[in-house]
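Here you get one chain, nothing else, as structure tokens; it is the form predicted alone.
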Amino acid sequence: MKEILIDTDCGVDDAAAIGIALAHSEVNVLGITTVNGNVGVAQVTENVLRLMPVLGRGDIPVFRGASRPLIAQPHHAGGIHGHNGLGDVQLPDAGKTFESAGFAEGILRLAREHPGLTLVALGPLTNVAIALNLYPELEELFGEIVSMGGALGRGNITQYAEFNYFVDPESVQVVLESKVPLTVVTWDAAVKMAHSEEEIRALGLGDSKAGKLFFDMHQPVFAYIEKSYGSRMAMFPDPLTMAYVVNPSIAREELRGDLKMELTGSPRRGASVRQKGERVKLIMEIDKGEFQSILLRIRNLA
């Protein structure tokens, strides 16, 4: 069984990714850390605290993380994910609270208790960079980091940059300079995996309580993309990342290379620049049918 720690800026696609992890017995979710990203960290944390009991896993510890990037001003994506980050779906308050320990201490404790765990980073890498700086032993304790982020082609927040890596590129560079094995599921892969609203509906995602919840959460995403591109679609970058964690064999195109983040104040800030080397495994395409099979397992959640 693969033991994972999820780091999330819980928007609608993060919520679906968490659902995928919980729906698969091959994965054991040890804990969740929250980070500023799609919305502010207070809202992100509230989203996770409300989501976990709804999905039947209120027992999983949640650690509140960084409220801002290492250097830059906070940048959010509320227009895509709704005002609350969950597509404006209102989840009940089950009284779950976040852990009193700090997020870095929580990461260290879980890594010591479960050496070799996989850290699945669904948002900006701020928490990961801070934890690695505070506790260098994590470089030996982590088995792997799997990060959703970066774009080798056109980005989704600027022409050059993908949102997660644009928000805090300095933190990405810290992780790149660590010794932890790193897999990046790119925005390029998500674009190739675009699904129309009709396609998702035809799959039957909404044919259960949990599936309908995630489908309802995605309505602002469909609306945003329709307004921008004329078609009601969603890209599912975080579910794609978690599907890869569940079953790495679904990758259809992988590249190896070094990455360097563009850290200047130029229009290219946040760009992921591929260079010669072997540091990073870059996932560029994933099998669509296999992804759909993994996604649909969330219908079995409580």
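Numbering starts at 1 and runs along the sequence shown. Because the structure is a prediction, the values reported are computed rather than measured.
Absent from the display: the form predicted in complex with a small molecule. The rest refers to it.
Worksheet item: Just one of F215, F142, F103, W187 has a heavy atom within 4.5 angstroms of the small molecule in the predicted complex, so which one?
Response: That would be W187.
Item to complete: State the residue from L119, L122, I107, V172 whose non-hydrogen atoms include one within 4.5 Å of the small molecule in the predicted complex.
Response: None of the other options qualify; the answer is L122.
Discussion item. Taking a heavy atom within 4.5 Å as contact, would all three of R64, T126 and D168 count as contacting the small molecule in the predicted complex?
Written reply: Result no, not one residue of the spot touches the small molecule.
Worksheet item: Does the small molecule get within 4.5 angstroms of any non-hydrogen atom of N38 in the predicted complex?
Response: Close contact exists here: in the predicted complex, N38 approaches the small molecule to within 4.5 Å, heavy atoms only.
Worksheet item: Looking at the partner-bound form in the predicted complex, is M148 within 4.5 Å of the small molecule by any heavy atom?
Response: Yes, M148 is a contact residue.
Discussion item. Under a 4.5 Å heavy atom criterion, is N156 part of the interface with the small molecule in the predicted complex?
Written reply: Looking in the predicted complex, residue contacts with the small molecule include N156, since a heavy atom lies within 4.5 Å.
Fill in: the small molecule contact in the predicted complex: P69, any heavy atom under 4.5 Å
Because no heavy atom of P69 falls inside 4.5 Å of the small molecule in the predicted complex, the answer is no.
Fill in: the small molecule in the predicted complex: contacting segment from 111-119, 158-166, 224-232, 93-101, heavy atom within 4.5 Å
Of the options, only 158-166 has residues within 4.5 Å of the partner.
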